[in-house]
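Only one chain is given next, in structure tokens, and it is the form predicted alone.
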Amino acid sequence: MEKEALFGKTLEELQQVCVELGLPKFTANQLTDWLYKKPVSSIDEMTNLSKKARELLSEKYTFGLIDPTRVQESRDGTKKYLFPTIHGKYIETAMIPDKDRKTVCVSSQVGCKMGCLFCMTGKQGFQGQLTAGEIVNQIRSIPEWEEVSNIVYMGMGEPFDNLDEVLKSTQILTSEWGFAMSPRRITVSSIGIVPGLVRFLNESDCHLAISLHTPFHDERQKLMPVEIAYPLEEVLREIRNWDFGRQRRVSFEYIVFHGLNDTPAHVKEMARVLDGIKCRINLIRFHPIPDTPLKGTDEATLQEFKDALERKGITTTIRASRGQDIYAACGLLSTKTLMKN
């Protein structure tokens, strides 16, 4: 039988492991220290545990780190890591340096079932859920892990479709016994699965990002089939009902497509539907992917669109394009790898 990984377990779960093995309960605190704070990768390196304790742990468990199988580095310093999964597939993780910040973009699923028209990951179809350990491993197993300042769940997959493991991973990242990161340095992005949204708002203090892409129902339905089950109107209603306060932020991701969602009518409608929501809009350049009719808008229109939104009183930024020379867009590198195998 394949041994179970310790990495990815919470303090409570590790306490249960210790009880089952007849180890002192405080051993769980020692384990979290080795798993999440120190640069080791094996149970044998946990030197403040007795030899007997290490033997008992090693009989049933493995440390659980997974190294990337491939890394590509862009001219701008962005790195794309390719990780194998327990499903025999691949996921992608991007490390994006920017002055004194290092942001890691993690995946939450293998493939995706949401079928968004503009997403390469969706074209792979759904292939499996990642465990909390596999999610956090994307941070812990890159060389820059001790320098990571921000984490965004904007890689492959829909986080709210794997919410149990996503919430568990953020618990590991933010708990004092874990990575002890501030939840204000973590953003979870979703296309707007309402039951998951409600639960996330109640159970997590991390920032929220919603994929918007158009304020019009019929248009959004063509781009994002989720609009049929969970219309934007319902998503915004839940967000309005939540008091984000001063510390927690909500933003909207908006990929700008040429001639589709970059018109004055879209500016006007966005101002209407977002009225009363304190938020930021992140405009994203679209870089074409295979088998889609969509095209990115030109730079002049993009800037004009941003200025028009700001005149409406909506804080708007244009996200810098990074790593285009290394297939940094979600799903491109893993799709190429799967096609070779």
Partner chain sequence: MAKAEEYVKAERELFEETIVNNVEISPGVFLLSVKRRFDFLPGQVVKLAVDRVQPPRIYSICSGNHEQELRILFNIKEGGYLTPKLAALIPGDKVLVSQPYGGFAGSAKSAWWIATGTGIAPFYSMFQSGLADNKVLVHGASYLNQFYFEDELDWAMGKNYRRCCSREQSCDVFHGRVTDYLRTVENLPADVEYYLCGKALMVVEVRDLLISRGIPYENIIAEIYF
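Values in this document were obtained by computation on a predicted structure and should not be read as measured data. Positions refer to the first chain, counted from 1.
Keep in mind that the form predicted in complex with the partner chain is not shown, yet the notes after this line are about it.
None of 141-149, 221-229, 247-255, 76-84 except one has non-hydrogen atoms within 4.5 angstroms of the partner chain in the predicted bound form; the exception is 221-229. Residue contact check for K123: one or more of its heavy atoms lie within 4.5 Å of the partner chain in the predicted bound form. Among residues of the shown chain, V71 is not one whose heavy atoms approach the partner chain to within 4.5 Å in the predicted bound form. Contact check for P195: a non-hydrogen atom falls within 4.5 Å of the partner chain in the predicted bound form. Using a 4.5 angstroms threshold between heavy atoms, P288 stays clear of the partner chain in the predicted bound form. The contact with the partner chain in the predicted bound form, taken as any heavy atom within 4.5 Å, belongs to P293 out of G313, G276, P293, P39. Among the residues K268, R185, R101, H217, the one placing a heavy atom within 4.5 Å of the partner chain in the predicted bound form is H217. Along 104-133, these residues reach a heavy atom to within 4.5 Å of the partner chain in the predicted bound form: C112, K113, M114, G115, C116, L117, G122, K123, Q124, G125.
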